[in-house]
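One chain comes next, on its own, written out as structure tokens in the form predicted alone.
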């Protein structure tokens, strides 16, 4: 009986060793020969699900656009197909091998693009007012942006899938959460546009609109208005895009016109705009700085910087911190309440940096949807 137990114990120990070896060795063998394939398969599944979500958001933006435009069009049964063709429009940037004059060429191309969009929307909505057409233009921009994002992500997804390129798929996997967050914010902004509510990006025009309230306004440029005032012996010139339709105006050209015509002796430029906050910063926080606070392709920024350099005029900036989601969505309470702080900063800069009898141009930069003057 004792011998039987010893043999049984010994043989069991061998089986245990074999099982332990297989438990450790088999996964290593599988990972060694098929590890990358497993990684590619798992990553493909995650990217594919995110791509499906992105496609749903793209399609939803198209549906919202069609539902807004279709009831307002003339008797045209091809509205959907026309909008689909419109979303495929593209803009080829100018060659930059020779940088001399590239900004002027870029400006010409972007101006042509904007005019074409406005003309297409006007043809689709001939009986709609300016506010309604501007909303449609904003919606077209959102739907077009989502369409391009989806097509680019799909392109790299198929490239990674065909070549089993794990590193390409891994990069897509890492950026997809950020892309989805921005895409969802764009789609969620469309109802806000439809209702004509102010956007987070409209804090600059809102601050200037309150400053030019009850003042005589004149149209100084394309979709841009101006008003004049005085503050403690200083001449104030206010600039903003014309509201309440959704546009950003041409404050750069208007500023150049002002500085080249009736107010050649300006002493300073103050720009108010929204700025992307860093993680951890509070929404609605106001900061002061120097430089041209304006986004876009860089054309407007270049023109303002060139003007300031030629005129030897300092450019000051007052910005309101907000995230990209907050900038393209309905204006939050924290952002709207920052107007008072913004105005206090502007007047402090005027008192400290602008001499008496001097002139200062205060520019409200941003989308002026829902913000009149």
Partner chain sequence: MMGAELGSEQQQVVFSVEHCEVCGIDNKRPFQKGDFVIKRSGKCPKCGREMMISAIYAEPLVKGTQ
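Positions refer to the first chain, counted from 1. Model, not experiment: these values are computed from the prediction.
One more form of this protein, predicted together with its partner chain, exists but is not displayed; see below.
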- Answer with one of 197, 283, 80, 73: the residue that has a non-hydrogen atom within 4.5 Å of its partner chain in the predicted bound form. 197
- Contact residue in the predicted bound form, chosen from 308, 64, 336, 44 - any heavy atom within 4.5 Å of its partner chain: 336
- Query: With a 4.5 Å heavy atom cut-off, would you call residue 226 a contact of its partner chain in the predicted bound form?
  - Reply: no
- Report whether the minimum heavy atom distance between residue 60 and its partner chain in the predicted bound form is within 4.5 Å. no
- Would residue 184 sit within 4.5 Å of its partner chain in the predicted bound form, counting heavy atoms only? yes
- Query: Heavy atom to heavy atom, is residue 206 within 4.5 Å of its partner chain in the predicted bound form?
  - Reply: yes
- Query: Hey, of 300 to 308, 314 to 322, 47 to 55, 344 to 352, which bit sits against its partner chain in the predicted bound form at 4.5 Å between non-hydrogen atoms?
  - Reply: 47 to 55
- Of the residues spanning 168 to 188, the ones with some heavy atom within 4.5 Å of its partner chain in the predicted bound form are 177, 180, 181, 184, 188
